[in-house]
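Below you'll find only one chain, the form predicted on its own, shown as structure tokens.
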């Protein structure tokens, strides 16, 4: 068994169904600047949020096996759809701890003065009701309005950040939240922060839009501290972005969240199980 010092020097793995998790990678770079980060986006098979659960689990296991081969010390599930599958069920025999996306419940409840909260997510995540359950467990009086937003991931992955198609989708998905009178909204898919400016404008300044990436990065730090696995070096950590397809597109999308000069980009082939 490697000693703690050797484990401290290992990278943190970050996985996602595509490029959405780059928003979480950005938060991890800020929260854990001395850690080496290895991101893996399954851009060849995105989106996951409209797929069957059995298929998603197969894909995720392939990604976890790849990250195990890279000897990571922790894996961040930078995807709400994957998190909805349950960290305990995904853990299996993998030697690292899995950290799922924060549901942002504390931030949402603090911001929702009228206790009306909107959840924008993929159909799979909405069907899991994980955000609703987490919020109601803290405050049973909260009113939760989940909205499945299946058009957003293909728009982000396709780099369609302007135009009538995006405008129409933003209007379609924010309208029921405005009609419900929500005062806080959680971007419960890691792709959606790419559209945060447009969503905030559509919802209005009275609505607090929350990206749980920062809370997720804090969970990662706390877990590493608890296990004595924080990297003790004082130099800046490396950032490697791996994808299964379309590396040039991934580079362009990464520039929305990170400085391209900070990243090393690689194409990978996942082990098939």
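Positions refer to the first chain, counted from 1. The model shown is predicted, which means the values in this text are computed figures rather than measured ones.
The form predicted in complex with ligand DGL exists for this protein as well; it is not shown, and the discussion that follows is about that form.
Trainee: Just to confirm the contact call: exactly one of 62 to 70, 201 to 209, 244 to 252, 48 to 56 touches ligand DGL in the predicted complex at a 4.5 Å heavy atom cutoff, so which is it?
Mentor: In short, 48 to 56.
Trainee: Is ligand DGL close enough to 26, 102 and 216 in the predicted complex that each of the three has a heavy atom within 4.5 Å of it?
Mentor: Contact check failed for every one of 26, 102 and 216.
Trainee: Within a 4.5 Å heavy atom cut-off, is residue 81 in contact with ligand DGL in the predicted complex?
Mentor: Yes - in the predicted complex, heavy atoms of residue 81 and ligand DGL come within 4.5 Å of each other.
Trainee: How about residue 174: is it within 4.5 Å of ligand DGL in the predicted complex, going by heavy atoms?
Mentor: Because no heavy atom of residue 174 falls inside 4.5 Å of ligand DGL in the predicted complex, the answer is no.
Trainee: Decide whether residue 75 counts as a contact residue for ligand DGL in the predicted complex under a heavy atom distance cut-off of 4.5 Å.
Mentor: Contact with ligand DGL, no.
Trainee: Report whether the minimum heavy atom distance between residue 184 and ligand DGL in the predicted complex is within 4.5 Å.
Mentor: Output for residue 184 is no: heavy atoms all beyond 4.5 Å of ligand DGL.
Trainee: Check each residue of 89 to 128 against ligand DGL in the predicted complex and list those with a heavy atom within 4.5 Å, in sequence order.
Mentor: Contacts from 89 to 128: 122, 125.
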